[in-house]
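Okay, here we've got a single chain as structure tokens, the form predicted on its own, with questions on binding and movement later.
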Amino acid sequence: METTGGSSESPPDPKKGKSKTPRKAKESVLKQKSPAEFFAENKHIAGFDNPGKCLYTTVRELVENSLDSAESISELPVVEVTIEEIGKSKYNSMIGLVDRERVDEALYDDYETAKAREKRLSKQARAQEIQTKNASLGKKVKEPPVSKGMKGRAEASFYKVTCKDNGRGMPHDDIPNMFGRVLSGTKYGLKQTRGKFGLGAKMALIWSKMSTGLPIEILSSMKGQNYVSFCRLDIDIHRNIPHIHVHEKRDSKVRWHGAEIQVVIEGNWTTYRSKILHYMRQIAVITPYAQFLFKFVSDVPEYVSLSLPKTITDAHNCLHLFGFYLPCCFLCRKNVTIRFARRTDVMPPVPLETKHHPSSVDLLLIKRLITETSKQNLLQFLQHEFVNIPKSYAERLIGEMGPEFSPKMAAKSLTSQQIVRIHQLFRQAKFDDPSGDCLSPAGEYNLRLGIIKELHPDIVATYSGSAQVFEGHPFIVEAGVSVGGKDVKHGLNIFRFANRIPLLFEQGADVVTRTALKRINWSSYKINHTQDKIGVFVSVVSTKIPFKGTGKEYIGDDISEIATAVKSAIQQCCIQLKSKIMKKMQAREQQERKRNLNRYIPDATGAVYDVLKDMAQSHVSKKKRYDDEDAELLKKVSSRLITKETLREKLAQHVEQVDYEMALEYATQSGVSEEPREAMYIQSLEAENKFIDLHSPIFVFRLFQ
């Protein structure tokens, strides 16, 4: 039935969708994040990019904290680092979780149907058959491409990292906040520090909470204490406060001072094994006065069923173990123990905290200094809160600021506009450069010993530059260049240090790498940088290291002062090396000349003696007469006072004399006049001995009292 009229409603068209009404935006709510929460979400900033890097960074942070702690009390550092790999079953028992067998296999990511498995195994069997056939025919066996195997993610690996030292220790009541509160510590201030972010072991604790959920354990004791502090805690990330499980004092029968920190984290030893070992080796180079003991302990099986053996040797090993070619992956899980011995007991001085240089401050820092200062007036504030502003110069600065400034005006009464005026004048006025007295470089003596101790080079040269300045911050560049050595690759091997810690990542963009590769003409110093084993060591210390990138793993090439100082330091080492290389070349040429001359002595002796013998016979038979001197010589030949042996000895002496004169003339022409130096090392002394060290670039003279 049809209906007419506009009042009737037509049925809805099913093809048309419902009209979309715009969603109302939710009202934004102001939220805050704690520092711990920020670093947990951005852990890559602190060097915790992936499990392998997390393990490396944890070891690095604990070792550097131990060195700082021991050096702060002028104690020769003894650091023990142990990485213990924990299997899945052991980890589950640590957290109270019972192992459970799989029930629904298809639920898992590595599930594989029977057909897919049969296809994969047959393909692997064919590849193995071809490999075996080629090997039996003597053909070159190519490694097959890595089998994709079954789809699945690798299981997490867990490690217990323990670091023990003989440092200062920590006050009992301060331990929770020192480990459980981010951005709280004792290293903040303007001075040379090893740390990059001031996080230390706190970031390791955050990663432990994120990956394993297990707390950190700390044992600590200070000098003079008859107890040991024990603390087990984790961190409340959202509130940035420590969550204490146990905090107690325990009786101590052994008079020990220092700290022992233990943390369980997820990591990857397989991929970062070389990085961790390189780090330990390089930290031993830059701190030869320290003793390190590194251990890696694992009870994980060496053979894990994952994929086809890559080589015939692996296949034979697999056959020997299991009796058939089981698809397996051969993982290295061998225990490692390395001891890095101490070579010297001469320690660098403790770095001192210094005041800010006027050219390095900004508005925010000036305001903070005004808030924190105890000085009453502007004149005293300028004198005592900054370096290199004496009283007379401070009065001149105040006079230049304008009539609204006076020496007696209260520092805390300065307005924002007046602070901006002070900042502008600081940027435009000239000030004396800050001194490097607050810095603590490793020292040329220690750097040389560290290189010799770990690399055993044939020759080495070191250089320590004077303090220089960039952007108001003092810095010192030390360098060492070695030729030859143990476990050194051919070509340039570059070792970089910043505030006496090794830098292992992002090497290509670093100022040291670019300088060594592009700005040094190695051939002019008699060095073949492609064939010789060259070690280039550069250490930069400063109150502010101009790191680049979020991970702070390299020093930028854009600061001309540092780039120039690095180039100059390497060149000074090369000049020393050239002198030593020329000496070696001179010695080789001298030996070659001597060998060539000595080769002809028997023939020359025989020929000369035969001539003299004939002349003597002629003289005796009066066929030919000779002068008195010649007659006397011929008479000795006739009476056998002069023989072939006598002539041979005289010629050998003459060769020695000529060789010495030629070597002396060569040395004079080439400018090499120094005598060879002997390496001398001072033995370790007992603590009760009193002495004074007199430092020289080449040696340390110890005067006993």
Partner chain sequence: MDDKKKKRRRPDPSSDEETRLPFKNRLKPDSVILESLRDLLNTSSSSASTSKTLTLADLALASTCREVNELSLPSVESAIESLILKIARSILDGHGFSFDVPSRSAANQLYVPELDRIVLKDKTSLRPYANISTVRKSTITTRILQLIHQLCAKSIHVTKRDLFYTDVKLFQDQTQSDSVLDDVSCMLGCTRSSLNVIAAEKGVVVGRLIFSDNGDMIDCTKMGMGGKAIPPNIDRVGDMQSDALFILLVEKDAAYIRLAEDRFYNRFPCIIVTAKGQPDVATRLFLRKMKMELKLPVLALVDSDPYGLKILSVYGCGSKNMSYDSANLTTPDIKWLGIRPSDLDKYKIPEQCRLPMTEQDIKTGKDLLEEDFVKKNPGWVEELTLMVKTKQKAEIQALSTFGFQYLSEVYLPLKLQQRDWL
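Numbering follows the first chain given and starts at 1. Remember, predicted model here, so these are calculated numbers, not experimental data. Rigid core (definition): largest C-alpha set, two forms, superposition within 1.5 Å.
If you look for the form predicted together with the partner chain, you will not find it shown, but the lines that follow are about it.
Against the partner chain in the predicted complex, the set 608, 642 and 651 is in full contact: each member has a heavy atom within 4.5 Å.
Taking 437, 353, 629, 558 one by one, only a single residue has any non-hydrogen atom within 4.5 Å of the partner chain in the predicted complex, and it is 629. Contact with the partner chain in the predicted complex, judged by any heavy atom within 4.5 Å, is made by just one of 604, 469, 293, 504: 604. Interface residue remark: residue 615 is counted as part of the site for the partner chain in the predicted complex, having a heavy atom within 4.5 Å. Though the partner is left out of this view, residue 647 does reach within 4.5 Å of the partner chain in the predicted complex, counting heavy atoms only.
The partner chain in the predicted complex comes within 4.5 Å of a heavy atom belonging to residue 596. Although the partner is absent here, residue 409 sits far enough away that none of its heavy atoms falls within 4.5 Å of the partner chain in the predicted complex. Partner contacts here mean any heavy atom within 4.5 Å of the partner chain in the predicted complex, and among 279-287, 586-594, 486-494, 169-177 they occur only in 586-594.
The two forms, fitted on the rigid core, differ between the shown form and the other one by 2 Å or more at the CA of residue 611. Here residue 646 counts as shifted, since its C-alpha moves by at least 2 Å between the shown form and the other one after the core is aligned. Once the cores line up, the CA of residue 635 ends up 2 angstroms or more apart between the shown form and the other one.
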